[in-house]
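Just one chain follows, in the form predicted alone, and it is written as C-alpha coordinates.
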(Lines give C-alpha, C1' and ligand atoms only; values in the text may rest on other atoms or scores of the structure.)
Protein backbone atom coordinates (compact mmCIF):
# COMPACT_ATOMS: atom_id res chain seq x y z
CA UNK A 1 0.00 0.00 0.00
CA UNK A 2 1.37 3.38 -1.02
CA UNK A 3 0.64 6.35 1.27
CA UNK A 4 0.56 9.85 -0.22
CA UNK A 5 -0.20 13.43 0.85
CA UNK A 6 -2.30 15.62 -1.47
CA UNK A 7 -3.53 19.20 -1.18
CA UNK A 8 -5.76 19.11 -4.29
CA UNK A 9 -9.38 20.23 -4.25
CA UNK A 10 -11.12 17.16 -2.91
CA UNK A 11 -13.86 17.17 -5.53
CA UNK A 12 -11.21 16.91 -8.26
CA UNK A 13 -9.22 14.01 -6.78
CA UNK A 14 -9.46 10.97 -9.01
CA UNK A 15 -10.01 8.07 -6.62
CA UNK A 16 -12.51 5.30 -5.99
CA UNK A 17 -13.64 6.70 -2.64
CA UNK A 18 -13.35 9.95 -0.69
CA UNK A 19 -13.89 9.83 3.08
CA UNK A 20 -15.32 13.02 4.59
CA UNK A 21 -16.45 13.91 8.11
CA UNK A 22 -19.62 15.30 9.61
CA UNK A 23 -19.67 16.50 13.20
CA UNK A 24 -22.43 15.94 15.75
CA UNK A 25 -25.86 17.34 14.95
CA UNK A 26 -25.10 17.23 11.24
CA UNK A 27 -22.46 19.98 11.20
CA UNK A 28 -20.51 19.70 7.96
CA UNK A 29 -16.72 19.76 8.04
CA UNK A 30 -15.01 22.18 5.60
CA UNK A 31 -14.39 19.35 3.11
CA UNK A 32 -17.94 18.10 3.52
CA UNK A 33 -19.12 21.64 2.70
CA UNK A 34 -17.07 21.62 -0.51
CA UNK A 35 -18.39 18.20 -1.51
CA UNK A 36 -21.91 19.31 -0.66
CA UNK A 37 -21.56 22.34 -2.95
CA UNK A 38 -20.02 20.29 -5.77
CA UNK A 39 -22.78 17.67 -5.55
CA UNK A 40 -25.59 20.23 -5.44
CA UNK A 41 -26.52 19.62 -1.81
CA UNK A 42 -26.24 15.82 -1.64
CA UNK A 43 -24.56 15.74 1.79
CA UNK A 44 -27.00 18.17 3.37
CA UNK A 45 -29.87 16.21 1.84
CA UNK A 46 -28.54 13.05 3.55
CA UNK A 47 -28.58 14.83 6.89
CA UNK A 48 -31.97 16.46 6.31
CA UNK A 49 -33.45 13.04 5.54
CA UNK A 50 -32.64 11.90 9.07
CA UNK A 51 -30.51 9.02 7.80
CA UNK A 52 -27.26 10.53 9.12
CA UNK A 53 -26.60 12.76 12.13
CA UNK A 54 -22.81 12.79 12.61
CA UNK A 55 -22.78 10.47 15.61
CA UNK A 56 -19.25 9.23 16.39
CA UNK A 57 -18.40 6.24 14.19
CA UNK A 58 -21.52 6.49 12.02
CA UNK A 59 -21.02 5.70 8.31
CA UNK A 60 -22.96 6.18 5.10
CA UNK A 61 -21.73 5.28 1.61
CA UNK A 62 -22.96 7.39 -1.31
CA UNK A 63 -22.35 6.44 -4.95
CA UNK A 64 -22.17 8.22 -8.30
CA UNK A 65 -22.83 11.73 -7.09
CA UNK A 66 -22.64 14.51 -9.68
CA UNK A 67 -19.88 17.14 -9.68
CA UNK A 68 -17.01 15.08 -8.22
CA UNK A 69 -14.37 12.80 -9.73
CA UNK A 70 -14.70 10.04 -7.13
CA UNK A 71 -17.26 7.31 -7.71
CA UNK A 72 -17.97 6.99 -3.98
CA UNK A 73 -18.24 9.21 -0.93
CA UNK A 74 -17.96 7.62 2.50
CA UNK A 75 -19.49 10.00 5.06
CA UNK A 76 -18.33 9.30 8.62
CA UNK A 77 -19.54 10.70 11.92
CA UNK A 78 -16.98 12.61 13.98
CA UNK A 79 -19.27 13.06 16.98
CA UNK A 80 -18.91 15.78 19.60
CA UNK A 81 -15.58 17.49 20.28
CA UNK A 82 -15.19 15.74 23.63
CA UNK A 83 -15.61 12.37 21.87
CA UNK A 84 -12.40 12.65 19.85
CA UNK A 85 -9.85 11.26 22.25
CA UNK A 86 -7.37 8.70 20.92
CA UNK A 87 -9.72 5.81 21.71
CA UNK A 88 -12.48 7.31 19.54
CA UNK A 89 -10.01 8.33 16.81
CA UNK A 90 -8.67 4.78 16.71
CA UNK A 91 -12.18 3.31 16.49
CA UNK A 92 -13.08 5.73 13.69
CA UNK A 93 -10.04 4.78 11.59
CA UNK A 94 -10.59 1.08 12.24
CA UNK A 95 -14.21 1.38 11.13
CA UNK A 96 -13.21 3.22 7.94
CA UNK A 97 -10.56 0.63 7.11
CA UNK A 98 -12.98 -2.24 7.70
CA UNK A 99 -15.39 -0.67 5.22
CA UNK A 100 -12.61 -0.08 2.68
CA UNK A 101 -11.49 -3.71 3.00
CA UNK A 102 -15.03 -4.98 2.31
CA UNK A 103 -15.34 -2.73 -0.75
CA UNK A 104 -12.04 -4.11 -2.16
CA UNK A 105 -11.05 -0.71 -3.54
CA UNK A 106 -7.71 0.13 -5.12
CA UNK A 107 -7.59 3.78 -4.05
CA UNK A 108 -9.03 6.04 -1.35
CA UNK A 109 -8.63 9.64 -0.20
CA UNK A 110 -9.11 10.51 3.47
CA UNK A 111 -10.16 14.14 4.08
CA UNK A 112 -11.12 14.64 7.73
CA UNK A 113 -9.84 18.24 8.09
CA UNK A 114 -7.95 17.47 11.29
CA UNK A 115 -11.25 17.14 13.15
CA UNK A 116 -11.12 13.42 13.99
CA UNK A 117 -8.72 13.92 16.90
CA UNK A 118 -8.96 16.26 19.87
CA UNK A 119 -5.32 17.27 19.37
CA UNK A 120 -4.90 19.80 16.55
CA UNK A 121 -1.49 18.46 15.55
CA UNK A 122 -1.20 17.58 11.84
CA UNK A 123 2.02 15.61 12.35
CA UNK A 124 0.52 13.45 15.10
CA UNK A 125 -2.83 12.94 13.39
CA UNK A 126 -1.21 11.93 10.11
CA UNK A 127 1.34 9.64 11.72
CA UNK A 128 -1.25 7.82 13.83
CA UNK A 129 -3.52 7.45 10.80
CA UNK A 130 -0.62 5.90 8.88
CA UNK A 131 0.43 3.55 11.70
CA UNK A 132 -3.10 2.42 12.48
CA UNK A 133 -4.04 1.87 8.84
CA UNK A 134 -0.96 -0.25 8.29
CA UNK A 135 -1.85 -2.27 11.39
CA UNK A 136 -5.45 -2.74 10.23
CA UNK A 137 -4.33 -4.26 6.93
CA UNK A 138 -1.65 -6.52 8.43
CA UNK A 139 -2.34 -10.22 7.81
CA UNK A 140 -0.39 -13.18 9.16
CA UNK A 141 -0.11 -16.12 6.77
CA UNK A 142 3.51 -17.25 7.11
CA UNK A 143 2.66 -20.70 8.45
CA UNK A 144 -0.56 -21.19 6.47
CA UNK A 145 -0.71 -23.34 3.32
CA UNK A 146 -3.24 -20.93 1.78
CA UNK A 147 -1.80 -17.45 1.65
CA UNK A 148 -3.91 -14.34 2.23
CA UNK A 149 -5.35 -12.65 -0.82
CA UNK A 150 -3.18 -9.76 -2.02
CA UNK A 151 -4.23 -6.42 -0.58
CA UNK A 152 -6.50 -4.71 -3.08
CA UNK A 153 -5.93 -1.21 -1.66
CA UNK A 154 -2.89 0.21 -3.45
CA UNK A 155 -3.14 3.97 -2.91
CA UNK A 156 -4.05 5.60 0.42
CA UNK A 157 -4.19 9.38 0.02
CA UNK A 158 -4.37 11.72 3.01
CA UNK A 159 -5.71 15.15 2.09
CA UNK A 160 -4.20 18.08 3.99
CA UNK A 161 -4.19 21.85 3.73
CA UNK A 162 -1.17 23.54 2.17
CA UNK A 163 -0.26 24.92 5.60
CA UNK A 164 -0.06 21.40 7.06
CA UNK A 165 1.56 19.55 4.18
CA UNK A 166 5.16 19.88 5.43
CA UNK A 167 4.27 18.37 8.81
CA UNK A 168 2.14 15.77 7.04
CA UNK A 169 4.95 14.62 4.77
CA UNK A 170 7.31 14.22 7.74
CA UNK A 171 4.59 12.34 9.59
CA UNK A 172 4.04 10.06 6.62
CA UNK A 173 7.72 9.13 6.37
CA UNK A 174 7.96 8.50 10.11
CA UNK A 175 4.59 6.75 10.24
CA UNK A 176 5.47 4.30 7.46
CA UNK A 177 8.84 3.57 9.08
CA UNK A 178 7.27 2.99 12.50
CA UNK A 179 4.47 0.91 10.95
CA UNK A 180 7.09 -1.28 9.27
CA UNK A 181 8.80 -1.79 12.63
CA UNK A 182 5.48 -2.62 14.31
CA UNK A 183 4.60 -5.15 11.62
CA UNK A 184 8.07 -6.71 11.86
CA UNK A 185 7.58 -7.06 15.63
CA UNK A 186 4.13 -8.57 15.14
CA UNK A 187 5.44 -11.04 12.58
CA UNK A 188 8.19 -12.24 14.92
CA UNK A 189 5.75 -12.47 17.81
CA UNK A 190 3.22 -14.47 15.82
CA UNK A 191 5.71 -17.07 14.62
CA UNK A 192 5.52 -20.38 16.52
CA UNK A 193 8.26 -21.36 18.92
CA UNK A 194 9.51 -24.20 16.71
CA UNK A 195 10.41 -21.61 14.04
CA UNK A 196 11.24 -18.49 16.06
CA UNK A 197 14.09 -19.82 18.18
CA UNK A 198 17.00 -17.81 19.65
CA UNK A 199 19.00 -18.69 16.53
CA UNK A 200 16.15 -17.46 14.31
CA UNK A 201 16.12 -14.12 16.15
CA UNK A 202 19.88 -13.82 15.63
CA UNK A 203 19.47 -14.55 11.92
CA UNK A 204 16.70 -11.95 11.70
CA UNK A 205 19.01 -9.34 13.22
CA UNK A 206 21.77 -10.26 10.74
CA UNK A 207 19.30 -9.92 7.86
CA UNK A 208 18.43 -6.41 9.06
CA UNK A 209 22.10 -5.48 9.02
CA UNK A 210 22.34 -6.49 5.36
CA UNK A 211 19.33 -4.28 4.61
CA UNK A 212 20.64 -1.15 6.38
CA UNK A 213 24.25 0.04 6.19
CA UNK A 214 23.79 1.91 9.48
CA UNK A 215 23.26 -1.35 11.42
CA UNK A 216 25.93 -3.70 12.75
CA UNK A 217 25.16 -7.01 14.44
CA UNK A 218 27.16 -9.17 16.82
CA UNK A 219 25.90 -12.45 18.30
CA UNK A 220 27.39 -14.02 21.42
CA UNK A 221 27.01 -17.80 21.67
CA UNK A 222 26.88 -19.81 24.88
CA UNK A 223 30.64 -20.27 25.03
CA UNK A 224 31.27 -16.52 24.85
CA UNK A 225 28.57 -15.82 27.42
CA UNK A 226 30.11 -18.45 29.70
CA UNK A 227 33.46 -16.64 29.52
CA UNK A 228 31.73 -13.36 30.43
CA UNK A 229 30.15 -15.00 33.48
CA UNK A 230 26.54 -14.80 32.26
CA UNK A 231 25.50 -17.83 34.32
CA UNK A 232 22.08 -16.38 35.11
CA UNK A 233 21.11 -15.97 31.44
CA UNK A 234 22.58 -19.36 30.56
CA UNK A 235 20.70 -21.11 33.39
CA UNK A 236 17.38 -20.42 31.69
CA UNK A 237 18.28 -22.38 28.54
CA UNK A 238 19.85 -25.40 30.27
CA UNK A 239 16.78 -27.57 29.74
CA UNK A 240 16.50 -26.81 26.02
CA UNK A 241 18.34 -28.16 22.98
CA UNK A 242 18.08 -24.65 21.51
CA UNK A 243 21.24 -22.68 22.28
CA UNK A 244 20.81 -19.32 24.01
CA UNK A 245 22.06 -16.15 22.30
CA UNK A 246 22.92 -12.59 23.18
CA UNK A 247 22.18 -10.45 20.12
CA UNK A 248 23.64 -6.93 19.81
CA UNK A 249 22.37 -4.56 17.10
CA UNK A 250 24.13 -1.20 16.84
CA UNK A 251 22.72 1.77 14.91
CA UNK A 252 25.07 4.68 14.39
CA UNK A 253 23.28 7.77 13.10
CA UNK A 254 24.80 10.24 15.55
CA UNK A 255 28.30 11.45 16.29
CA UNK A 256 30.97 8.80 16.76
CA UNK A 257 31.60 9.61 20.43
CA UNK A 258 27.94 10.21 21.33
CA UNK A 259 26.60 7.94 24.07
CA UNK A 260 23.98 5.52 22.71
CA UNK A 261 20.48 4.94 23.98
CA UNK A 262 20.22 1.22 24.70
CA UNK A 263 17.13 -0.98 24.35
CA UNK A 264 17.18 -4.40 26.00
CA UNK A 265 14.61 -7.01 24.97
CA UNK A 266 13.53 -10.18 26.75
CA UNK A 267 13.70 -12.91 24.12
CA UNK A 268 12.26 -16.06 25.70
CA UNK A 269 11.17 -17.72 22.46
CA UNK A 270 9.00 -20.18 24.36
CA UNK A 271 8.31 -20.29 28.08
CA UNK A 272 7.03 -23.54 29.55
CA UNK A 273 7.95 -22.25 33.00
CA UNK A 274 10.73 -24.82 33.15
CA UNK A 275 10.62 -27.16 36.16
CA UNK A 276 8.06 -24.74 37.67
CA UNK A 277 5.77 -25.80 34.82
CA UNK A 278 2.94 -23.49 33.78
CA UNK A 279 -0.67 -24.72 33.60
CA UNK A 280 -1.50 -26.15 30.17
CA UNK A 281 -4.39 -23.79 29.38
CA UNK A 282 -3.30 -21.13 26.87
CA UNK A 283 0.34 -22.17 27.17
CA UNK A 284 0.58 -21.78 23.39
CA UNK A 285 0.56 -18.03 24.04
CA UNK A 286 3.97 -18.35 25.68
CA UNK A 287 5.43 -18.05 22.17
CA UNK A 288 4.76 -14.34 22.81
CA UNK A 289 7.29 -14.29 25.65
CA UNK A 290 9.83 -12.90 23.18
CA UNK A 291 7.74 -9.84 22.34
CA UNK A 292 10.14 -7.59 24.26
CA UNK A 293 12.84 -8.79 21.88
CA UNK A 294 10.63 -8.37 18.82
CA UNK A 295 9.72 -4.82 19.86
CA UNK A 296 13.34 -3.68 20.19
CA UNK A 297 14.27 -5.36 16.89
CA UNK A 298 11.27 -3.66 15.23
CA UNK A 299 12.29 -0.34 16.78
CA UNK A 300 15.82 -0.60 15.36
CA UNK A 301 14.32 -1.27 11.92
CA UNK A 302 12.17 1.87 12.25
CA UNK A 303 15.08 3.98 13.52
CA UNK A 304 17.27 2.88 10.61
CA UNK A 305 14.50 3.65 8.12
CA UNK A 306 13.90 7.10 9.67
CA UNK A 307 17.67 7.73 9.67
CA UNK A 308 17.53 9.40 13.07
CA UNK A 309 20.68 11.42 13.93
CA UNK A 310 21.27 9.45 17.11
CA UNK A 311 23.12 6.33 18.30
CA UNK A 312 20.96 3.41 19.42
CA UNK A 313 21.94 -0.09 20.52
CA UNK A 314 19.56 -3.02 20.97
CA UNK A 315 20.50 -6.04 23.06
CA UNK A 316 18.32 -9.15 22.93
CA UNK A 317 18.70 -11.83 25.60
CA UNK A 318 17.32 -14.92 23.86
CA UNK A 319 16.68 -18.35 25.34
CA UNK A 320 14.07 -21.12 25.41
CA UNK A 321 12.79 -22.19 28.86
CA UNK A 322 12.17 -25.96 28.87
CA UNK A 323 11.92 -28.64 31.63
CA UNK A 324 14.70 -30.93 30.35
CA UNK A 325 17.00 -33.21 32.32
CA UNK A 326 19.63 -30.44 32.55
CA UNK A 327 17.09 -27.75 33.47
CA UNK A 328 17.65 -25.38 36.37
CA UNK A 329 15.81 -26.52 39.52
CA UNK A 330 14.02 -24.47 42.18
CA UNK A 331 16.56 -23.78 44.89
CA UNK A 332 19.56 -23.64 42.54
CA UNK A 333 21.94 -20.71 43.02
CA UNK A 334 23.62 -18.99 40.06
CA UNK A 335 26.22 -16.25 39.79
CA UNK A 336 25.32 -13.34 37.51
CA UNK A 337 27.73 -11.44 35.27
CA UNK A 338 27.78 -8.71 37.92
CA UNK A 339 29.09 -11.17 40.51
CA UNK A 340 25.86 -11.08 42.53
CA UNK A 341 24.28 -14.44 43.31
CA UNK A 342 20.65 -15.43 42.83
CA UNK A 343 18.61 -18.19 44.44
CA UNK A 344 16.15 -19.37 41.80
CA UNK A 345 13.01 -20.15 43.81
CA UNK A 346 10.80 -20.32 40.71
CA UNK A 347 12.10 -21.20 37.25
CA UNK A 348 9.05 -19.50 35.71
CA UNK A 349 10.49 -16.15 36.83
CA UNK A 350 13.09 -16.53 34.09
CA UNK A 351 12.79 -13.22 32.22
CA UNK A 352 14.61 -11.33 34.95
CA UNK A 353 17.36 -13.98 34.90
CA UNK A 354 18.21 -13.30 31.25
CA UNK A 355 17.70 -9.55 31.54
CA UNK A 356 19.98 -9.05 34.55
CA UNK A 357 23.05 -10.28 32.67
CA UNK A 358 22.10 -8.27 29.59
CA UNK A 359 21.71 -5.16 31.78
CA UNK A 360 25.19 -5.73 33.20
CA UNK A 361 26.62 -6.28 29.70
CA UNK A 362 25.32 -2.92 28.41
CA UNK A 363 27.45 -0.96 30.90
CA UNK A 364 30.31 -1.25 28.38
CA UNK A 365 28.43 1.11 26.02
CA UNK A 366 28.40 3.91 28.64
CA UNK A 367 24.76 4.50 27.70
CA UNK A 368 22.83 7.76 27.80
CA UNK A 369 19.79 5.72 28.84
CA UNK A 370 18.78 2.06 29.06
CA UNK A 371 15.23 0.82 28.58
CA UNK A 372 14.38 -2.85 28.92
CA UNK A 373 11.18 -4.22 27.44
CA UNK A 374 9.73 -7.50 28.66
CA UNK A 375 6.61 -9.59 29.01
CA UNK A 376 7.74 -9.97 32.59
CA UNK A 377 4.85 -10.45 35.03
CA UNK A 378 1.25 -11.59 35.00
CA UNK A 379 0.88 -9.25 37.97
CA UNK A 380 1.14 -6.33 35.56
CA UNK A 381 -2.04 -7.52 33.85
CA UNK A 382 -3.79 -7.62 37.22
CA UNK A 383 -2.59 -4.09 38.00
CA UNK A 384 -3.08 -2.35 34.63
CA UNK A 385 -5.08 -4.68 32.40
CA UNK A 386 -4.37 -4.67 28.67
CA UNK A 387 -4.27 -0.94 27.90
CA UNK A 388 -1.13 0.46 29.53
CA UNK A 389 2.34 -1.01 29.81
CA UNK A 390 3.90 -0.87 33.27
CA UNK A 391 6.78 1.58 33.78
CA UNK A 392 9.34 1.54 36.58
CA UNK A 393 12.56 3.53 36.59
CA UNK A 394 15.53 4.67 38.67
CA UNK A 395 15.50 8.05 36.94
CA UNK A 396 12.59 10.49 37.12
CA UNK A 397 13.59 12.42 33.98
CA UNK A 398 13.75 9.23 31.92
CA UNK A 399 10.42 8.03 33.29
CA UNK A 400 8.74 11.33 32.45
CA UNK A 401 10.21 11.28 28.94
CA UNK A 402 8.81 7.78 28.33
CA UNK A 403 5.38 8.65 29.71
CA UNK A 404 5.26 11.74 27.51
CA UNK A 405 6.40 9.75 24.46
CA UNK A 406 3.79 7.08 25.14
CA UNK A 407 1.00 9.66 25.38
CA UNK A 408 2.10 11.32 22.14
CA UNK A 409 2.44 8.00 20.29
CA UNK A 410 -0.86 6.70 21.69
CA UNK A 411 1.11 3.75 23.08
CA UNK A 412 0.76 4.55 26.72
CA UNK A 413 2.57 3.40 29.84
CA UNK A 414 1.75 3.97 33.50
CA UNK A 415 4.22 4.34 36.40
CA UNK A 416 4.52 2.04 39.40
CA UNK A 417 6.72 2.75 42.45
CA UNK A 418 10.25 1.42 42.82
CA UNK A 419 10.70 2.09 46.51
CA UNK A 420 13.40 0.56 48.70
CA UNK A 421 10.71 -0.91 50.97
CA UNK A 422 9.96 -3.51 48.29
CA UNK A 423 13.58 -4.66 47.97
CA UNK A 424 13.55 -6.69 51.21
CA UNK A 425 10.94 -9.02 49.67
CA UNK A 426 13.80 -10.43 47.58
CA UNK A 427 15.87 -11.45 50.63
CA UNK A 428 17.37 -14.95 50.50
CA UNK A 429 19.09 -17.06 53.16
CA UNK A 430 21.29 -18.73 50.56
CA UNK A 431 22.22 -16.06 47.99
CA UNK A 432 22.43 -12.29 47.59
CA UNK A 433 18.82 -12.29 46.44
CA UNK A 434 15.93 -14.52 45.42
CA UNK A 435 14.43 -14.30 41.94
CA UNK A 436 10.87 -13.87 43.25
CA UNK A 437 9.40 -11.80 46.05
CA UNK A 438 6.15 -13.57 46.89
CA UNK A 439 2.57 -13.00 45.76
CA UNK A 440 2.25 -9.29 46.51
CA UNK A 441 3.55 -6.50 44.24
CA UNK A 442 4.89 -8.97 41.67
CA UNK A 443 5.57 -6.38 38.97
CA UNK A 444 7.37 -4.12 41.42
CA UNK A 445 9.56 -6.82 42.96
CA UNK A 446 10.53 -8.01 39.47
CA UNK A 447 11.67 -4.47 38.66
CA UNK A 448 13.41 -4.25 42.05
CA UNK A 449 15.40 -7.33 41.06
CA UNK A 450 16.43 -5.71 37.76
CA UNK A 451 17.26 -2.42 39.47
CA UNK A 452 20.12 -4.15 41.32
CA UNK A 453 21.92 -4.46 37.99
CA UNK A 454 21.30 -0.92 36.71
CA UNK A 455 22.93 1.35 39.28
CA UNK A 456 25.45 2.85 36.83
CA UNK A 457 23.10 4.48 34.30
CA UNK A 458 19.59 5.94 33.87
CA UNK A 459 17.29 2.93 33.45
CA UNK A 460 13.62 2.23 32.87
CA UNK A 461 11.70 -1.03 32.68
CA UNK A 462 8.61 -1.50 30.51
CA UNK A 463 6.47 -4.51 31.46
CA UNK A 464 4.40 -5.36 28.38
CA UNK A 465 2.82 -8.60 29.67
CA UNK A 466 -0.64 -7.06 29.26
CA UNK A 467 -0.06 -5.21 25.99
CA UNK A 468 2.20 -7.41 23.82
CA UNK A 469 -0.54 -9.63 22.42
CA UNK A 470 -4.30 -10.12 22.23
CA UNK A 471 -5.67 -13.44 23.50
CA UNK A 472 -8.31 -15.57 21.82
CA UNK A 473 -10.81 -14.81 19.07
CA UNK A 474 -10.26 -13.50 15.56
CA UNK A 475 -7.92 -10.74 16.71
CA UNK A 476 -5.57 -13.10 18.56
CA UNK A 477 -1.97 -12.16 17.85
CA UNK A 478 0.98 -9.92 18.65
CA UNK A 479 0.35 -6.16 18.82
CA UNK A 480 3.83 -4.71 18.21
CA UNK A 481 3.79 -2.64 21.39
CA UNK A 482 5.95 -0.70 22.43
CA UNK A 483 7.59 0.06 19.06
CA UNK A 484 5.69 3.32 18.67
CA UNK A 485 6.48 4.49 22.20
CA UNK A 486 10.19 3.66 21.85
CA UNK A 487 10.40 5.34 18.45
CA UNK A 488 8.79 8.48 19.81
CA UNK A 489 11.19 8.52 22.76
CA UNK A 490 14.14 8.22 20.38
CA UNK A 491 12.74 10.91 18.06
CA UNK A 492 12.46 13.19 21.10
CA UNK A 493 16.04 12.42 22.16
CA UNK A 494 17.32 13.03 18.64
CA UNK A 495 15.54 16.39 18.56
CA UNK A 496 17.17 17.37 21.84
CA UNK A 497 20.59 16.34 20.49
CA UNK A 498 20.34 17.83 17.02
CA UNK A 499 17.25 19.84 16.16
CA UNK A 500 18.77 21.13 12.91
CA UNK A 501 19.32 17.64 11.51
CA UNK A 502 15.67 16.75 12.10
CA UNK A 503 14.27 19.92 10.54
CA UNK A 504 10.49 19.93 10.38
CA UNK A 505 10.02 16.50 11.92
CA UNK A 506 9.66 18.30 15.27
CA UNK A 507 6.00 18.17 16.27
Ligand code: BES
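Positions refer to the first chain, counted from 1. As the structure is a prediction and not an experimental result, all values here were calculated from the model.
What follows is about the form predicted in complex with the ligand, which we do not show.
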Of the residues 377, 336, 133, 183, which one places a heavy atom within 4.5 Å of the ligand in the predicted complex?
-> 377
Taking the ligand in the predicted complex as the reference, which of 174, 271, 357, 411 has a non-hydrogen atom within 4.5 Å?
-> 271
In the predicted complex, residue 32 touching the ligand (heavy atom, 4.5 Å) = no
For residue 327, is any heavy atom within 4.5 Å of the ligand in the predicted complex, or not?
-> no
4.5 angstroms heavy atom contact with the ligand in the predicted complex for residue 352 = yes
Contact flag, residue 469 vs the ligand in the predicted complex, heavy atom cut 4.5 Å | yes
Spot the stretch among 342-350, 295-303, 411-419, 109-117 with residues whose non-hydrogen atoms come within 4.5 Å of the ligand in the predicted complex.
-> 342-350
Quick one: name the residues from 284-319 with any non-hydrogen atom within 4.5 angstroms of the ligand in the predicted complex.
-> 286, 289
